[in-house]
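First comes one chain, alone, set out as structure tokens in the form predicted on its own.
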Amino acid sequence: MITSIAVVGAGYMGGGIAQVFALAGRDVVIADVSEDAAQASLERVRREAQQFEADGLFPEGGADAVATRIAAAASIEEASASADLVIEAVFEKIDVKHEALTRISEAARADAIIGSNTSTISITALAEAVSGPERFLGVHFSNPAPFIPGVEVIPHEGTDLAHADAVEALLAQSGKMGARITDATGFVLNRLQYALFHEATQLIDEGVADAESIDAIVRTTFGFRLPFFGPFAIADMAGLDVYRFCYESLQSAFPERFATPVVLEDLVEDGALGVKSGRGFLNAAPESLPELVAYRNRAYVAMQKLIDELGPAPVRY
């Protein structure tokens, strides 16, 4: 069981990760480029926790947990020396991460797990700097770490998967949802996020819509569904044959950008059309459709009530 954690790189991301584990009852040590920098980050993390609790974002007693369970170390080596898990969260440049990971792996216990919070760099490439690379994997939180539940868990080919299991168990105990994926540059989150951003910029370049209109459409249409259903569940409920027809239309104007995915074509040709056929990306039976539709409708009404309660985001175009 992982009980003691070090976070190397105590900026906004690293500090948020430390808060997550402190709230889960773990002892955390943070380190940065110097003892003064780590101490300054510790003071910021404590102030944030007080404000988060006052705003009702942290549970009662959360600020005290952060204050008592997170400490600042004089160096990376000091922070890493006794931790069960060390998470690197330094600047997103491979040479900076390599330097930090080399120091971590030299100072950490031989049985310590080492993780990187990289958002795009291949875990295999980062593992080159780690002695004992079988204990190394990606553990990618999203910003702000205390409030975003999903975490990408990314072993490389040489990772001992028992370590991935241990990290996933820790995440679950911390109220997070770990999703294990294969190591690939950009992973899942950022490949999807940047694919959407890229197409949005294409729409601006082509004069189809401005940034304000595109953001409004994303928020109030398919983006409205995404907290409840991922893209494959949405496609299965709509019908994969419908998706193929839409691809045919898009292909007529944008043959390279919207070529029909092979996996979609294969499923449709095999009669796997989604929920209505009982087979698709998922395996939801046709008789489950009324239950799915009822959940969907309740979820969307609840989402709109939440948006009405919060009011519009303070974004200015």
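Don't overthink the numbering: it's just position in the shown sequence, from 1. Fair warning: this is a prediction, and the values are worked out from it, not measured in the lab.
Missing here is the form predicted in complex with a small molecule; even so, the following discussion is about that form.
**Report entry** 4.5 angstroms heavy atom contact with the small molecule in the model of the complex for Leu23
**Finding:** Result no; Leu23 lies far from the small molecule in the model of the complex.
Query raised in the report: So in the model of the complex, does Val218 come within 4.5 Å of the small molecule, heavy atom to heavy atom?
Result: No, Val218 is distant from the partner.
Query - Ala40 within 4.5 Å of the small molecule in the model of the complex, heavy atoms - result: Contact check for Ala40: no, nothing within 4.5 Å of the small molecule in the model of the complex.
Query - Contact of Phe141 with the small molecule in the model of the complex (heavy atom, 4.5 Å) - result: Phe141: contacts the small molecule in the model of the complex.
Requested in this report: Check each of Thr124, Thr159, Ser105, Thr118 and return the one that places a heavy atom within 4.5 angstroms of the small molecule in the model of the complex.
Outcome: Looking at the other structure, the residue within range turns out to be Thr118.
**Report entry** Single option in Ala184, Ala179, Val96, Leu203 placed near the small molecule in the model of the complex, where near means a heavy atom within 4.5 Å
**Finding:** When the small molecule is considered in the model of the complex, the option within 4.5 Å is Val96.
Query raised in the report: Just one of 203-211, 228-236, 242-250, 141-149 has heavy atoms within 4.5 Å of the small molecule in the model of the complex; which?
Result: That would be stretch 141-149.
Query raised in the report: Do all of Ala10, Met13 and Val90 end up near the small molecule in the model of the complex, with near meaning a heavy atom within 4.5 Å?
Result: Checked in the model of the complex: all three residues contact the small molecule.
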